[in-house]
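Coming up is one lone chain in structure tokens, specifically the form predicted on its own.
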Amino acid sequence: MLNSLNRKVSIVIFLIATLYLFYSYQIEPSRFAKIDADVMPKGLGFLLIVLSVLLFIENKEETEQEKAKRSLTKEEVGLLLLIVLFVIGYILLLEIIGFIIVTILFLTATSRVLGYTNWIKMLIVFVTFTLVIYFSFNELLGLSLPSGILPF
């Protein structure tokens, strides 16, 4: 029953999605928001459960070529660990420094580590993207993102 890697991964994803859904139902509704903050987490949780079930019932044998793709070099593992550290740092600093600054720093650092070198394009895209997301949430949806050290 659990002889393929896909089935083992699907069970892990299912358990994580169930835990994620449990905590998404703990989010208290807002009186001021047009769309409550729990809509997205609940939607993602249910989507994860559906995808894990689809992955579990998929009956596809893995070829040797696909198995070879799974092996990572030490450099790739180091890169993945660095990205995980960036994500953890992003989560820890989001409330303290604020969404705008932390998101721009996170996107810039992650892109730089992944090999993008055009600083001007990166900064224009990241600043624009971050500001659009920030003001969309604050003004259109009525959900406030952490402002941190910024006065607005």
Partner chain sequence: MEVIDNILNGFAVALSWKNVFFVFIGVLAGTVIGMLPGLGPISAIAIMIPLSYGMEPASALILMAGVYYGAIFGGSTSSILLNAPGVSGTVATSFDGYPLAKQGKAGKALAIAAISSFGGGTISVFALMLVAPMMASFATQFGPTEYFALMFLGLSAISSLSEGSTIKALISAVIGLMVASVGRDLLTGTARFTFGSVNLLDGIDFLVIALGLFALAEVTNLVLTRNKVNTGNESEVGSLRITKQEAKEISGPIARHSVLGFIIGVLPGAGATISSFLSYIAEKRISKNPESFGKGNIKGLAAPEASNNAATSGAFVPLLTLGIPGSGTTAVLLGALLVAGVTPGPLLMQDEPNVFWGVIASMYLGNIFLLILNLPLIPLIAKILYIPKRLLISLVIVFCLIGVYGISFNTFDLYLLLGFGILGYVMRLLSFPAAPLILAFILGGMMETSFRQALIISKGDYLTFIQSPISAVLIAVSVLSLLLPLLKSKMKKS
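C-alpha atoms forming the largest set that superposes within 1.5 Å between two forms make up the rigid core. The model shown is predicted, which means the values in this text are computed figures rather than measured ones. Numbering follows the first chain given and starts at 1.
Here the subject shifts to the form predicted in complex with its partner chain, a form of this protein not shown in this document.
Shown alone here, Phe129 lies within 4.5 Å of its partner chain in the predicted complex, counting heavy atoms only. Within 4.5 Å of any heavy atom of its partner chain in the predicted complex lies no heavy atom of Phe135. For the chain shown alone, Leu5 is a contact residue for its partner chain in the predicted complex, at least one non-hydrogen atom being within 4.5 angstroms. Interface membership of Ile97, defined by any non-hydrogen atom within 4.5 Å of its partner chain in the predicted complex, is ruled out. Residues Val87, Ile88, Tyr90, Ile91, Leu92, Leu94, Glu95, Phe99, Thr103, Phe106 of 85-106 are found to place at least one heavy atom within 4.5 Å of its partner chain in the predicted complex.
In the core-superposed comparison between this form and the one not shown, the C-alpha atom of Phe46 has shifted by at least 2 angstroms. Relative to the superposed core, Leu15 undergoes a C-alpha shift of no less than 2 Å between this form and the one not shown.
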